[in-house]
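First, one chain by itself in structure tokens, the form predicted on its own.
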Amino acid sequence: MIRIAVQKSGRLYEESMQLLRDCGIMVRNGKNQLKAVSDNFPLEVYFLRDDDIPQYVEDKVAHLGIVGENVLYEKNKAVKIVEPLGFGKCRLSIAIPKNEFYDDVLFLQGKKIATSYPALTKKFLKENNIEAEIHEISGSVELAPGIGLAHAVCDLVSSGSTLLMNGLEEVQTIMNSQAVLISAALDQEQQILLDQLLFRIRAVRKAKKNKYILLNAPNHALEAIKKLLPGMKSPTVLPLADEGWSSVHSVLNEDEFWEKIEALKNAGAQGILVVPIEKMIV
């Protein structure tokens, strides 16, 4: 059995649990349940405050944890990142009132900064030789300038809408963050289970970045179309009932998807179908 800690509520909870489901791991999480055991994988899930997860993993109460990089680096515990997970993306940034002018980091000299991330803020200020006063606040940091508690804030930003609603403007990014899988030292049995879990996670993540594509093409255009579709090794080409035509099957990376589709149409492809991939094992 291997134990994993996930956020009990908040922005990473749903995506963490969805990742486990996508990996074929069924976990029954009843209301206010602090732990649950999977029905079909030797995994026990602990539901914790995100700030506590690095400590639980360092103490080996949990063998693994899913946590934001911002929390991981703020807490600075003796754990390691074993896999970036690609969700929960945000950034830790400095924001100031919109009526202020920020030309560079020297703006912060002698100022008061409100934050829930004092360690990361201090590190940033030290690296830039800035002396400033830090006010640690556990929540609603964006209110601090409006009530006269601080001149600036250092807080997590996703869309930036919360800052705008409170009259603030993001001016300096300290770090980018995403959810990561962390662990402490594992014994041989736990490492085997981690490797099995990583195999599933990587198959799920790779599938999300790719699409399965099927198209019809005249045979005279096949060479040009195949050059546009490398696939996992090479495209699959099957003859159609109509003479002179073939069906082409391949995989496209989402980052180049629309450019490739346009190029395929221009090369003579017709009847293009795009299908999501549930798992992708290479």
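In this text, all values refer to a predicted model and were calculated from it rather than measured experimentally. Note that residue numbering follows the sequence shown and begins at 1.
Only in words, not in the display: the form predicted in complex with ligand ATP, which the text now covers.
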Requested in this report: Answer with one of 99, 188, 173, 158: the residue that has a non-hydrogen atom within 4.5 Å of ligand ATP in the predicted bound form.
Outcome: 158
Query raised in the report: residue 108 near ligand ATP in the predicted bound form, any heavy atom under 4.5 Å?
Result: no
Query raised in the report: Looking in the predicted bound form, any heavy atom of residue 145 within 4.5 Å of ligand ATP?
Result: no
Query raised in the report: residue 71 near ligand ATP in the predicted bound form, any heavy atom under 4.5 Å?
Result: yes
Requested in this report: Answer yes if any heavy atom of residue 90 is within 4.5 Å of a heavy atom of ligand ATP in the predicted bound form; otherwise answer no.
Outcome: yes
Query - Partner-proximal stretch of 252-260, 220-228, 49-57, 36-44 relative to ligand ATP in the predicted bound form, 4.5 angstroms, heavy atom - result: 49-57
Query raised in the report: Are there residues in 1-23 with a heavy atom within 4.5 Å of ligand ATP in the predicted bound form, and which are they, in order?
Result: 7, 9, 10, 11, 12
